[in-house]
Each structure stands twice: as C-alpha cells, then as structure tokens.
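Same chain, two forms, each on its own as structure tokens: structure 1, then structure 2.
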Structure 1
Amino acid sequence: MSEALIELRNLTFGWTRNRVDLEIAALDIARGERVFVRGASGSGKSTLLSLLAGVNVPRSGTLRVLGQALGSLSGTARDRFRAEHIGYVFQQFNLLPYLSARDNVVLGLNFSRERATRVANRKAMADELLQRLGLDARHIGALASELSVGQQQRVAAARALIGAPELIIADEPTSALDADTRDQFLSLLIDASTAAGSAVLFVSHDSGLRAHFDTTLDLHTLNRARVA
C-alpha cells in the first residue's frame, strides 16, 4: 500500500471562468502526517480545503487522495468518498443543538459504512473519544446547545475522529479559544488522531500553533496565484 495520503501536481482552480484562485505545482502529504497549513485571509486556505475534501474539483492538474483521483468521480461519489475517509472539524463546529454530545459524535457513522464497520460499539467509542478529548463524563449526555464553546469543540473533534478516517481536516477550530485552552485542545487532538492512525491537516492563520505539527505549509508561498 502506498504511503501517500495526498498527491497534488500542477493543480489550478478558479471560482470564476476567467480567474485562477489557486495554483500549486506540487504537494505531498504522507499517511499519518501532522500538517499545519498557515495562511492569511485570501491566501487560498478555504479553496484548498474544498478541493481536498472533494467539494470542488481542479480545473487542471491532478489531485489524488488515497490514490483516488477526485476529479474523476461524480459529485455523489465524492460525497461518499469524503464520508468514508475524511473527518472534518469546522470552524463553527456545525453540531446539531438538539442532540446530545454522544449522539452528535455517532451521527456521522450513519453516512459511512466503512468507518462504521471499525466501531463495534458506537456509544462506547463515542464516550471513549469524548473522555480522551477532555469532556467531563457528566456532559456526554448533555445537549450540544447546553455546552460551552470549548466543550462543543471537543465534541466536533470526536465526531471527526470516530471510525478512524485516514484524514482529519481541521479548519480554524481554535479561533475562538484563549491560548491555554487552545494548546490543551491541540495536544488532545494530536494524541487522539495518533491513536486512531489518522493524518491531520490543521488550517489556521496563527503561526504559534506550528510547534504541534510535523510539517508547516505556507499557503501564501505555495499558492502561485497569490489570491488577493
């Protein structure tokens, strides 16, 4: 089995026909690698994530995730691929407020047969992940709407990790946290992803986070299009 998780060559993408918003000559990320993607607003972070997650496809060039050329798949097939292989931690967490922390975590397994087969007991695994990420046991059954921002963040991370997807994408998930809480969460996320065997692609404008990762990518330098 190839050790490559992501292979990108001569990729271009534009949100409109006459504009190029992202142009990257080459990018390789290995299985299990922890990568920090740094970039100011307009550097191409959101555009890159939309491509890696299969939401959009390249205009030209190649992009392979786990050996699969995402541009060759239909929209439905890309959605299925994302559910099976990618866990996503959104900046706003995107939890369902009327579900408990535990139920938010297991919800994603309903859309991923492959990840679900790796979980013998959904409730037990959700509780284990939530506890490993520092959520107090008394909050696991609480509604997401009753949790603090830091607690919701842990639920979002556990939801991404359950079923051990090969790739975790975290899109500015610490932007609303203070420095101490941020660093604690990052340590927990890295430990949990390592235990699951998942690679982490963590996106932020905060360069102070890079010490937690194996590799740092600067999108302003990497993106030849230099999005304004």
Structure 2
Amino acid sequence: MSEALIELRNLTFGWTRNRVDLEIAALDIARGERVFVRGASGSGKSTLLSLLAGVNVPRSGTLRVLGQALGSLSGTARDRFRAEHIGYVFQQFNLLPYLSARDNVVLGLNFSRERATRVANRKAMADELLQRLGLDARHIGALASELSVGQQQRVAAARALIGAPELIIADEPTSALDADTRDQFLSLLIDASTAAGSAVLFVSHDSGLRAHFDTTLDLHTLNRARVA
C-alpha cells in the first residue's frame, strides 16, 4: 500500500461550465499527516475539500485518495468510498434535524462496513465522543434541530470521528465554539487521529491553531485560479 493518502496533479474544477474556481498544480498528503488549511473566504477551501471527499469530481487532472482515482468512480461508488474512509465535518454541519444527537452520530455506521466493525457498542461510543466534546446527557438525547449552533457543530464532529476513518476532513469545525470548547475539540481530534493513524485536513481562519498541525496549506498560493 502506498504511503500517499492524497495525490493530486494538475487539477481544475469549476462550479459552472465557463468558470474555473479551482486550479492546483500538485498536492500530496501522507497517511496520518495533519494539515492546517487556510485562505481568505471564497478562496476555494470548501471546494477543494468537496473534491477530496468525492462530493464533486475534478474537471481535469488526476486525484487519487488512498490510491483510488475518484474521478473514475460512479457517484454511488464515491458515496461508498467516502462512507468507508472519510469523516467529513461539513461547514454547514448537515445533520438530520429530526434525529437525536446520538442517532446522528451513529447514522453513518449503518452505511459503512469497515467503520462499523471498529465500533463495538455504537451507542456507547457515540455517547463517549459527545461527552468528550462537552455535550451533557440531556443534549445527547435531544433532537438535532433543538440544539444550539455550537452543539450541532460538535455533533457533526463526533459523527466524523466515529469509526476512526483514514481521513478526517473538518471544514471550519470550530467556527461556532468558544475558546474552551474549541480546545476540547482540538485535543479530542488530535488524540483520536493519533490513536487511529488518521490524517486530518482542518480548515480554519484561526491562525492560533496552526501549532497543532504538521503542515499548513494556504489556498491563496495553492489555487492558481485565484492568483490569475
């Protein structure tokens, strides 16, 4: 198995036909590497992450994740690939409002065989993750739609961490958190990824967090579509 987690060459992507929103010459991320991603708003951070997670496919160039060329997979195959290997904290959380916090965390395990085998007791694991992120028992059982924005964000984070995926993608996961909760989340993220050997891609505008990561990516320099 190759050491590379992500291997990206001459990639372009545009949200609409006559536009190029993202153009990257090369990007390599190793397994277990922790990467801090920064860049001005609109510089293409979320767009890049959506490509790495197979939500979108590149217009041109090659993109390999865990040796798999995502562009050549069907939509359904990419869904399965993502479910098995990637935990994604969406910038807009994307929780199901009518399920409890706990059920939202457990939900993904139903669709991912590999991640499910790593979790012996789903409910206990979900509760533990949520507790470590500072949610009390009352909120763990509450509907996602009845949680505060910061609480929802932590549920989304727990959902990405459960089952120890190879890659954790977190798109501004601390934007709605206070300093204490943010630190709690960060230490959990570092602990969990170290224990599981997961790589982390972490988008944030908070430069103070850079110290926790191995490398820093600046979309401003990486994305040539913006430079031009």
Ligand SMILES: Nc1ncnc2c1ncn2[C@@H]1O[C@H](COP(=O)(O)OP(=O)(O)OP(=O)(O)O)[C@@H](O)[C@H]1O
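One-based numbering along structure 1's sequence throughout. Values in this document were obtained by computation on a predicted structure and should not be read as measured data. Note that the rigid core is defined as the largest set of C-alphas that superpose within 1.5 Å between two forms.
**Student:** Looking at both copies of this chain, which one is the form predicted in complex with the named molecule?
**Tutor:** Of the two forms shown, it is structure 2 that corresponds to the form predicted in complex with the named molecule, while structure 1 does not.
**Student:** Treating the chain as two rigid parts, how many degrees does the smaller one rotate relative to the bigger one between structure 1 and structure 2?
**Tutor:** From C-alpha superpositions, the smaller part turns by 16 degrees.
**Student:** Using a rigid core fit, what is the CA shift at residue 91 between structure 1 and structure 2, in angstrom?
**Tutor:** Displacement of the C-alpha, rigid core superposed: 3.2 Å.
**Student:** State the core-superposed CA shift for residue 131 between structure 1 and structure 2, in Å to one decimal.
**Tutor:** Its alpha carbon moves by 4.7 Å.
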